[in-house]
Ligand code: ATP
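In the form predicted alone, a lone chain appears below as C-alpha cells.
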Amino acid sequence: MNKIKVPKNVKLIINLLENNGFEAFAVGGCVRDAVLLREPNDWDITTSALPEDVKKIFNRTIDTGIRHGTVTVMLDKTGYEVTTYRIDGEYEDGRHPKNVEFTRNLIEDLKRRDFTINAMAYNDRVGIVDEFGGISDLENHLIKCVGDPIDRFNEDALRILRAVRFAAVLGFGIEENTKKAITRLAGNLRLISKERIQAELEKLLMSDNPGMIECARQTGITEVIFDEIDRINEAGMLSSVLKLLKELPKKHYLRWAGILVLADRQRAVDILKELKFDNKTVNVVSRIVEAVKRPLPMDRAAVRIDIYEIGEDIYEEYLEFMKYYLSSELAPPQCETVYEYLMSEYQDIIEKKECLSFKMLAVNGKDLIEAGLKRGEQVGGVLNHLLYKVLSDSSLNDKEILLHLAESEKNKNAIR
C-alpha cells in the first residue's frame, strides 16, 4: 500500500508547507490507523519548517508546545498539531527530554518514536515513509520498538505500559526483545504519574482484548502499578475474572467493576483513588463491587430492599453487570436465570411506582412531628422503620396506615 486517505485540511496544510519550500508529512498514529483502515482520532503533521515558519504561513495558530517545536494550526474550528522535525535530548525524568534539537532530516525525527508502527510518515507526493519496518509489523501483528527497546523505554517509561495497551487495542502480540525489555524495566513505571497510568489502563480495559492485562502481569507491570491483578492471580481466580471482563460491555463503570470484582468496597475505593479516578467513578464502581456480594433476592420485597440499599441511582448499572456476572465462573452455581427475574421485577416495580425511598413514603418528618413524635433521632428512627415496612409490603404505603404504625412504634419506645 502506497496511498492512504487523508482529510482535505491535512492535505491543505501539507501542500501549503511544501509550496513554501518545506517538507511536510502526516505522521505517527494517524498513518498507522489509516493503513489499518481504522478512523484516526486526530492527524498530526511533521515538517522541516521551524515553528516561526509555520506561524508565518498560516493565519491562525496556537503555541501549544513551542519549546518542543509544536504549533497548532486552526482550520474550520479544528486544530492540527504541526511539529518541526526534532532530535530529543537526554531524558532526565524517565518521561520528558531535557531539551530538543530541530533537524531537517525526517528519518532522524522518526527514529526517536516509540514503536515501528508509530514511526511512519505519509504525504501524497512521496507515499509512505517506513524506514523501520512498520508496515511489516502491522502485517505480522507485532508491537516492536524502534531501535533498541532498552533505550526507548529508558527515554520514556510510559512506553512500557503503552506497548501492552497497543497490543490490546490492536489485537497484536509483542515482539520478543521488546517484551524482554519491558520485563527488565517495568519498575521504571514508578516514575510515571498516576494520571498517565490511569489513562493507559483505561484504554487497555476498554479494548477488545482486556485480557492483555495478563501480559502486563507476566512482565511485572501490574506488580508496580496495579497489584490487584497479582492478588487475583495468587487466589487462582485471574482466568475467571478475565473471562468476565471480556464478556462485559465496553462501559467504563462495568469494566472497572469487573477487574475489581473480588475486592471489598474499601479496597476498591483505595485502588481507584490511588489511580486518581474522579469521585463518581470511585463511588459507582465501589458500590457495584459491594452489591455483587449481597445475597441474591428471591422475592419482590427483597428486590425492593435491594434497590433501596444498593441505590436506585446505580441499580441499572448493577443489573447490567449482574447479567454477565451471574453467567460467569465467579457466580454461585445455577444463577443464570436470576438476572431475568431481577430485571422483570425491577421494571415492574418502577412501572408501578412502588415506594423505594423516603421521598416516596406517604408520610414525612413533618407528619410525624405533628403526630407527636420528637424532632431528631426519634423521627429519623421511626421514618426508617416505616420505610422498611413499606419496602417489605408496598400495600402499607398509605398515610393513615403509616401514622398508625408510627403511633405504635412511639408507644413501644415509650415503654422501653
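Residue positions are given as counts along the sequence shown, with the first one as 1. These numbers come from a predicted model, not from an experiment.
Keep in mind the form predicted in complex with this ligand is missing from the figure; the text below concerns it.
Colleague: Partner absent here, but in the predicted complex, which of 260-268, 108-116, 136-144, 212-220 has residues with a heavy atom within 4.5 Å of this ligand?
Modeller: That would be stretch 108-116.
Colleague: Which residue, R165, R255, R304, R287, is the contact with this ligand in the predicted complex, using a 4.5 Å heavy atom cutoff?
Modeller: The option sitting close enough to the partner is R165.
Colleague: I need to confirm a contact call. Of K203, R300, K179, K243, which residue comes within 4.5 Å of this ligand in the predicted complex, counting heavy atoms only?
Modeller: Spelling it out, the residue with a heavy atom inside the cut-off is K203.
Colleague: At 4.5 Å between heavy atoms, is N59 in contact with this ligand in the predicted complex?
Modeller: Output for N59 is no: heavy atoms all beyond 4.5 Å of this ligand.
Colleague: Indicate whether this ligand has at least one heavy atom within 4.5 Å of a heavy atom of G69 in the predicted complex.
Modeller: So G69 does not count as contacting this ligand.
Colleague: Would G28 sit within 4.5 Å of this ligand in the predicted complex, counting heavy atoms only?
Modeller: Output for G28 is yes: heavy atoms within 4.5 Å of this ligand.
Colleague: For E354, is any heavy atom within 4.5 Å of this ligand in the predicted complex, or not?
Modeller: Outside the cut-off, so no.
Colleague: For the three residues D33, N41 and R159, verify that every one has a non-hydrogen atom within 4.5 Å of this ligand in the predicted complex; reply yes or no.
Modeller: Yes: D33, N41 and R159 each sit within 4.5 Å of this ligand in the predicted complex.
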